[in-house]
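Form predicted on its own, single chain, as structure tokens, below.
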């Protein structure tokens, strides 16, 4: 009996050793997977951050063109200077260009988002005639690049004497925001239950009051997301602004960037990079302030 029990004990000990070895094996596998995944994420992060670092470090160098740069210019050194920034701010009307850009972007964003809210709510909750056809038309229009409309807009606005005016750019910018944002807001509102506005109507609100006082606050994430997208388009646009604006007093930041960075023969890449950094600061602030809304908005645009 003692030998029998000793054999059982040996078998149990062997099983315990095997289980311990297997646990260690799987622990090592999990550790290797974590290390590999972190390395991959670090590589992707470096890949994403490197262009930003390259622009910033280039803006602090006094190189004139890419042919004059070297690998040593990518590292921080004692030759770094703020001369590119000082030239942009003190030798050019940078703040006038910024003012013009903000007037265009804020006005077109406000008009485009307001129209998108009303259109999106109507497409989602009201029986609009030819609703399906309108949605398909918006979807098809969103597939085409907006630059295709430069020539038709140019001839049309020249006949109405809207070139070299704020209104001549606000109209197409607002229309571009409506095309995409209406479909986006409509899809978001479709996912909201109708019981909320029905309860509001039972409490005495009208149909319009229930839509705007109940659904609009609930759709705040997608509205903010649509507003940021509507802001980004006019803020970074050169195609329309470069063709519609010829008066220096109405230049936007995109036109000013092209104007400032042009040298006698080649592009002054250091100045171009410095202008890019200055122009990117408002966008960075915008994304930082509304980051929680943008995350839900990006997930909505991916999965809806």
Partner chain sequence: MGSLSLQNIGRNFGKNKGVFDVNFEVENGEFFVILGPSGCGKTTTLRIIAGLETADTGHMFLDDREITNFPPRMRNIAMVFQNYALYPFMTVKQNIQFPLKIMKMSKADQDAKAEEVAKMLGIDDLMERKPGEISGGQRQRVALGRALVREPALFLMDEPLSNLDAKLRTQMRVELKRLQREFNTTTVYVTHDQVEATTLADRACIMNGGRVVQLEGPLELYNSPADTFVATFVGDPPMNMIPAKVKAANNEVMLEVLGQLIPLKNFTIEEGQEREVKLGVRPEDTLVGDQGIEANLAVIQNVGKSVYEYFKVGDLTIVKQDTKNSGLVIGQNCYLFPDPAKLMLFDEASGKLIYKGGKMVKNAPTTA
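Positions refer to the first chain, counted from 1. This structure is a prediction, so every number in the text was calculated from the model and none was measured.
The same protein also exists as the form predicted in complex with the partner chain; that form is not shown, yet it is the one meant from here on.
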property: Position in contact with the partner chain when the complex is considered in the model of the complex, options 195, 159, 91, 127, heavy atoms within 4.5 Å; result: 195
property: Position in contact with the partner chain when the complex is considered in the model of the complex, options 96, 218, 74, 115, heavy atoms within 4.5 Å; result: 218
property: Contact test in the model of the complex: residue 135 vs the partner chain, heavy atoms, 4.5 Å; result: no
property: Residue 205, heavy atom within 4.5 angstroms of the partner chain in the model of the complex; result: yes
property: Distance check, residue 79 to the partner chain in the model of the complex, heavy atom within 4.5 Å; result: no
property: Residue 175: touches the partner chain in the model of the complex, heavy atom cutoff 4.5 angstroms; result: no
property: Stretch from 99-107, 221-229, 151-159, 187-195 whose residues place a heavy atom within 4.5 Å of the partner chain in the model of the complex; result: 187-195
property: Sequence-ordered list of residues in 222-237 near the partner chain in the model of the complex, where near means a heavy atom within 4.5 Å; result: none
